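Let's start with one chain on its own, the form predicted on its own, as C-alpha cells.
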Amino acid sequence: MRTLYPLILISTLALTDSVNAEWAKRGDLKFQFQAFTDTALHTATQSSNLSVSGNAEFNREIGENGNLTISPFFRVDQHDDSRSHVDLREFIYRHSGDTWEVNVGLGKVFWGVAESNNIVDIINQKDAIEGNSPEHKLGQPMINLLLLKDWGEISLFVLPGFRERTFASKDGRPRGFSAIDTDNARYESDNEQNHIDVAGRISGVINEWDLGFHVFNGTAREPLISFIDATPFYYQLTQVGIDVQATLESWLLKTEAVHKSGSRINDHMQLVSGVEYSFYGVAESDIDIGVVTEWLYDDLTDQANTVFQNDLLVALRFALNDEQSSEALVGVITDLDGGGDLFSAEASRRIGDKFKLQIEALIWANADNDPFLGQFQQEDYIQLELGYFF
C-alpha cells in the first residue's frame, strides 16, 4: 500500500487552499447483535456476537472548484479480531470544470443494476466481513478523470494500489470450514499490491434505457482460494462488461454481463438478468410491492469460481411509504442444478429523526451436496442493528 500515501498527501495539500472553509459533517454509530441458530462446524463456538461500528463523512470546499471528502470507518467486534478494524472509505479530492471532473485519492465507485449480484462492480475491493451489501467497500487508491458529454459520461481510472479482501478469522462467524489465511496471500503479478490497474466506463441514457460499457485490466478483486491451505490467490484479469436497465412504467428490466479472461483462469462469461414489477398502492393503501426475479449464470458451470453458476432469485420488495420509511426485502436464491438454497430477509424502519432499526436474516438450506454452500449449512443467523445518525 505504499502507493496510497502519495495520493493522501496530494489530497491533504489541497486543504491549504482554503484553511477557513467549514466542514460539512454527518455520520452514524451502530450497535449490532447477531444470533446463530446452530452450532458451528468449525472452531468458532459462540452462539451470539456483539459489535459496534461508526462511520463519518467530512466534506469541505477547496477554492472555487475543489472539494475534499474524508470518510473514516471503524468496527469493534466481540469475537473476531479480523472484524475489528479501521478503514478510510474515502479520502478524495475532486476538482470540477464545466465538462470534466478529476478525482484523486481514496474513493468509492459503484457500477451495476442487479439486485442479487453486481458482477460489473469491479473498482473497489469488498469489505466481506461487513456483509454482502454493495455499500461495504474498502477505499480504492485512484486517479479518475470524468468527461461529461451531452449523451452521457466517460470515466477513466488509473488504480495505483490493490487492497486484499477481508475475511472472517478462525473466531468469526459466519464462515466456511477453514478460516482464510490472509497473512499468506499470493499474487500472479510480481508487483503484488503495487500493480497498477486501469479501467474505463462509458455510460449514457437513450430514452428509457440506461446503458453502461466498461473495460478493466488488473488484479482480480475476488481471489481464487486454495482448498489445500485456504490461502487467497490474486490473479491478473481482463474484464469487459455491460450493464443495462430499462424503466417501462411499472417494469424494470435489468442485465449485467461480463467476459473474463486471464492466464490463470479459463475465459468465461457471467450474466445476471431479470425483471422487477411494482404494484403501487396495493389494496388502496400506501403500500408498494415489487416482485423481483433474476437469473444468475456462469458458463463455466461446475468449474466456476462462484456459487451462482445457474441460479434463480425470486424476491418481494415492500415499501410502506410511511413517515418512518419502513421497507423490507424477502427472497430466495435457488440452484437450478439441484444445489443449495439461500433464503434472505431484511427490513428497516426509522425511529424518530435520529435512529434506525434494521433486521437481517440469512438461511442456507438444502446444501448438503453443494461443495461451497455446504460449509454454511449451520451458519444461519439473525442480525439486529440499531443505528444513531448525526
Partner chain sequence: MKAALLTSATVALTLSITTPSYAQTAEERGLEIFEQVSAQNDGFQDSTASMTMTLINRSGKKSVRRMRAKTLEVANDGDKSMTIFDEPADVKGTATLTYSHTKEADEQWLYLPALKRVKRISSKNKTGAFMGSEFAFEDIGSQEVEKYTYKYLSEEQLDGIAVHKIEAYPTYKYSGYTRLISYIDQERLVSLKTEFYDRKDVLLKTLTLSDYVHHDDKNWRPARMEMINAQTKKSTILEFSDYKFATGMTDKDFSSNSLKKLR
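These numbers were taken from a predicted model, which means no experiment stands behind them. Residue numbers count along the first chain shown, from 1.
Unshown form predicted in complex with its partner chain; subsequent notes refer to it.
**Message:** Only one of 335 to 343, 361 to 369, 37 to 45, 348 to 356 has heavy atoms within 4.5 Å of its partner chain in the predicted complex; I'd like to know which.
**Reply:** That would be 348 to 356.
**Asked** Within 4.5 Å of its partner chain in the predicted complex, do we find a heavy atom from each of 98, 153 and 207?
**Response** All three within 4.5 Å in the predicted complex.
**Asked** Of the options 168, 315, 113, 307, which one has a non-hydrogen atom that comes within 4.5 Å of its partner chain in the predicted complex?
**Response** That would be 113.
**Prompt:** Ok, 108, 85, 268, 186: which has a heavy atom sitting within 4.5 Å of its partner chain in the predicted complex?
**Reply:** It is 108.
**Prompt:** Even though its partner chain is not shown here, does residue 293 get within 4.5 Å of it in the predicted complex, heavy atoms only?
**Reply:** Result no; residue 293 lies far from its partner chain in the predicted complex.
**Prompt:** With a 4.5 Å heavy atom cut-off, would you call residue 130 a contact of its partner chain in the predicted complex?
**Reply:** It does not: once its partner chain is placed as it appears in the predicted complex, residue 130 has no heavy atom within 4.5 Å of it.
**Request:** Answer with yes or no whether residue 240 is in contact with its partner chain in the predicted complex, where contact means some heavy atom within 4.5 Å.
**Result:** It does not: once its partner chain is placed as it appears in the predicted complex, residue 240 has no heavy atom within 4.5 Å of it.
**Asked** Is there any non-hydrogen atom of residue 125 lying within 4.5 Å of its partner chain in the predicted complex?
**Response** Residue 125: no contact with its partner chain in the predicted complex.
**Message:** Heavy atom within 4.5 Å of its partner chain in the predicted complex: which residues of 364 to 390 meet that condition, in order?
**Reply:** Residues within 4.5 Å: 389, 390.
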